[in-house]
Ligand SMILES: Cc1cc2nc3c(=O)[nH]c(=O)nc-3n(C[C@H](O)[C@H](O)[C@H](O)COP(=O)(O)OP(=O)(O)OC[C@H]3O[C@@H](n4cnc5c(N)ncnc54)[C@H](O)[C@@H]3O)c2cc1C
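Just one chain follows, in the form predicted on its own, and it is written as structure tokens.
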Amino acid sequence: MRTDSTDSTDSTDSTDSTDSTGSTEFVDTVIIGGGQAGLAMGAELARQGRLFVILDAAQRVGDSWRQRWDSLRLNTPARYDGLPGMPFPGDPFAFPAKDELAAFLEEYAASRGLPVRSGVRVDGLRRDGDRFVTTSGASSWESHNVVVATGGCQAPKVPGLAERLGDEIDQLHSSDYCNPAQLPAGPVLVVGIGNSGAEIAREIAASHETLIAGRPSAQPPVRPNRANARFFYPVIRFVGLHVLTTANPLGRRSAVKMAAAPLIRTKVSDLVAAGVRVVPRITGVRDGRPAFADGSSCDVSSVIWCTGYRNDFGWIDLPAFDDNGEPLHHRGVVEAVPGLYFIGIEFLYALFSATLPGIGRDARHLARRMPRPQLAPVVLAEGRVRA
């Protein structure tokens, strides 16, 4: 996910690195974010022959996955983890490791010559007349369209009470966790019983006394294994793509009620079997120690906050959000700001919109909704390319 900036804007160019000259580039479409959503969107625009660029903050395509904890695996089988025009390689019923997905994304961008500009952190998006202006430091891109594909893991969310814990307690968010070796000796408290929290707690329990605090989400009986990948996942995929959508009342109710993703790989029974102690949710701090809803507290050496992420769209200066800062859109199309689109966010259209099985369909839909380029690309006298 992320990108760099050079003079070339040809949609057949390969990944390159940033240009710090502070120049302005003119393209038909800017895609902000080079993860799976941005790459899928880029593939659809390339198919239309559009002039576009993908801007991504990471130094290498796939880094958003490489930088997650070492043992992470996908919860969907490889048969559903491909992107438009390229299936995921290898055993279709295996569940890829995060580094395998990172390598796949990098190969996808390279094989399609997608113009990814790595190391470009976008810090502004505004309108100037009939064009969008996207900025990263001194560099800028003007375009007719902008697709925001920054995904759901933007800003780690940590409760304010974390600041009141004692200085002797080592704290980190799940986004910074790699493996148990980085933790000091002593008990570890994992806060949040979602998929990340459950998997991390189970792993840590092999080497540390481990507690996990919170209320578990739903625990469906289906686990990620070969048999279920073959027989049950097709049903789950169909429901997540075609039944639970914003086009019907059942899907809309699900979008409102779904506060947390169900536990997929690690259930509460697995945590107990691994020796993890399940405690109530953390509600405060007592004498610098975590305090729980039942009035108890505990001494721990480390706290890992598996408390999710929040959207961070503060860099977008456009009337595209509700009072809570959430994008106002219909299937990713921002009707109040023509030319602005979102992809890769939760329930963009269906339950699986933010996952690999759903991103390709959303990318095709948005590409079809974009008006055709207003002008053919021409080279200006000063050597710049204008869309």
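All values derive from a computational prediction rather than experimental measurement. Sequential numbering from 1, following the sequence displayed.
From this point on, the text means the form predicted in complex with the named molecule, which you will not see here.
Peer 1: Non-hydrogen atoms within 4.5 angstroms of the named molecule in the model of the complex: do Thr29, Leu51 and Pro115 all have one?
Peer 2: Checking in the model of the complex: none of Thr29, Leu51 and Pro115 is within 4.5 Å of the named molecule.
Peer 1: Which is the contacting stretch out of 237-245, 205-213, 179-187, 120-128, given heavy atoms within 4.5 Å of the named molecule in the model of the complex?
Peer 2: Contact criterion met by 120-128 only.
Peer 1: Can you pick the one in Gly251, Gly151, Pro92, Pro156 that has a heavy atom within 4.5 Å of the named molecule in the model of the complex?
Peer 2: Contact check passes for Gly151.
Peer 1: Though the named molecule is not shown, can you say which of Thr76, Thr266, Ser143, Ser302 has a heavy atom within 4.5 Å of it in the model of the complex?
Peer 2: The residue in contact is Thr76.
Peer 1: My question is simply whether Gly332 lines the interface with the named molecule in the model of the complex - judged by any non-hydrogen atom within 4.5 Å.
Peer 2: Contact with the named molecule, no.
Peer 1: So in the model of the complex, does Phe292 come within 4.5 Å of the named molecule, heavy atom to heavy atom?
Peer 2: Output for Phe292 is no: heavy atoms all beyond 4.5 Å of the named molecule.
Peer 1: Does the 4.5 Å heavy atom contact test between Ala261 and the named molecule in the model of the complex come out positive?
Peer 2: Result no; Ala261 lies far from the named molecule in the model of the complex.
Peer 1: Using a 4.5 Å heavy atom cut-off, state whether Leu351 contacts the named molecule in the model of the complex.
Peer 2: Because no heavy atom of Leu351 falls inside 4.5 Å of the named molecule in the model of the complex, the answer is no.
Peer 1: Check each residue of 52-89 against the named molecule in the model of the complex and list those with a heavy atom within 4.5 Å, in sequence order.
Peer 2: Sequence-ordered list: Leu55, Asp56, Ala57, Ala58, Ser64, Trp65, Arg68, Trp69, Leu72, Leu74, Asn75, Thr76.
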